[in-house]
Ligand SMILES: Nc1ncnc2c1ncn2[C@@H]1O[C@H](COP(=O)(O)OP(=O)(O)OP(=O)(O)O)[C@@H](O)[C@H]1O
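Given as structure tokens, the chain that follows is alone and in the form predicted on its own.
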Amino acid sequence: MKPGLKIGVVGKGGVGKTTISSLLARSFVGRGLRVVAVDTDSNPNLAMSLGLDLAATEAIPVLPRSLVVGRRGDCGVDELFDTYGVATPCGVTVLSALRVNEAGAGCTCGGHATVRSLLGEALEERADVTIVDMEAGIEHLSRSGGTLAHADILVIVMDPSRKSIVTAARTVALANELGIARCVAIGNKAQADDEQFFAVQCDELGVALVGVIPASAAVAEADRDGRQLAGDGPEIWGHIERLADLIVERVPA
């Protein structure tokens, strides 16, 4: 596996990016790897999917918007993790890059610049795998320099809707412009004949579909309760393990 593998998880709002991010992170931890998960949502919830309760999630310190990490920055990697990194019960270290706590707080561009700085050189010293759970949409790929410009691969999550697959196609185009050559698209929340729907729509729009994850009552229940998914039983784990294997295969060491 490539040392310091960096994965961006992207897609339209509501498709299940945070769930997929958290499960991928736990899959890599299960392989004995050091995993850092970066939550870039301005309404962050990734830590809850990794086992923290609401109070602990709200207490996670947010990375300063002007922070530049690394040899040329104003914060060393050890200092970064000691100050802002929070260990979760499942073994993943979580960082919160963005949070909007009040109306009229301004744009989040600075937070995205911090994430770009992290992915540029800093995290490899403390992480075998970094997973970035991106905010909804494609703006993060259009910012100056691109928040995910240093990602090795993008996992584009889609639900069974034409709109989410159109968003995936637009994401692939922007990623290619940024020089992110590897993009894989995963269908999520599939019911009945949705697998065929994903296949037809992705083929029409030029999106590389690599798998389809069925809708899961266990995932819905965990989301409703604001907790992490149980570690055994649900069929979804087999799909996540295959996705993790595919990512490792697609990014050469």
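All of these numbers come straight from a predicted model, not from anything done at the bench. Don't overthink the numbering: it's just position in the shown sequence, from 1.
Beyond the structure shown, there is the form predicted together with the named molecule, which is absent from this document and is the topic of what follows.
Chemist: Looking at heavy atoms inside 4.5 Å, which stretch does the named molecule contact in the model of the complex, given the options 51-59, 28-36, 184-192, 198-206?
Modeler: The contacting stretch is 184-192.
Chemist: Give a yes or no on whether each residue among 47, 130 and 152 has a heavy atom within 4.5 Å of the named molecule in the model of the complex.
Modeler: No.
Chemist: So which of 87, 173, 166, 136 reaches within 4.5 angstroms of the named molecule in the model of the complex, heavy atom to heavy atom?
Modeler: Flagged contact: 136.
Chemist: Should residue 214 be counted as a contact of the named molecule in the model of the complex, where contact means heavy atoms within 4.5 Å?
Modeler: Within the cut-off, so yes.
Chemist: Would residue 239 count as touching the named molecule in the model of the complex under a 4.5 Å heavy atom rule?
Modeler: Flag for residue 239 set to no.
Chemist: Just checking whether residue 210 would be counted as a contact of the named molecule in the model of the complex - the rule being heavy atoms within 4.5 angstroms.
Modeler: Because no heavy atom of residue 210 falls inside 4.5 Å of the named molecule in the model of the complex, the answer is no.
Chemist: Hey, in the model of the complex, is residue 15 touching the named molecule, heavy atoms inside 4.5 Å?
Modeler: Close contact exists here: in the model of the complex, residue 15 approaches the named molecule to within 4.5 Å, heavy atoms only.
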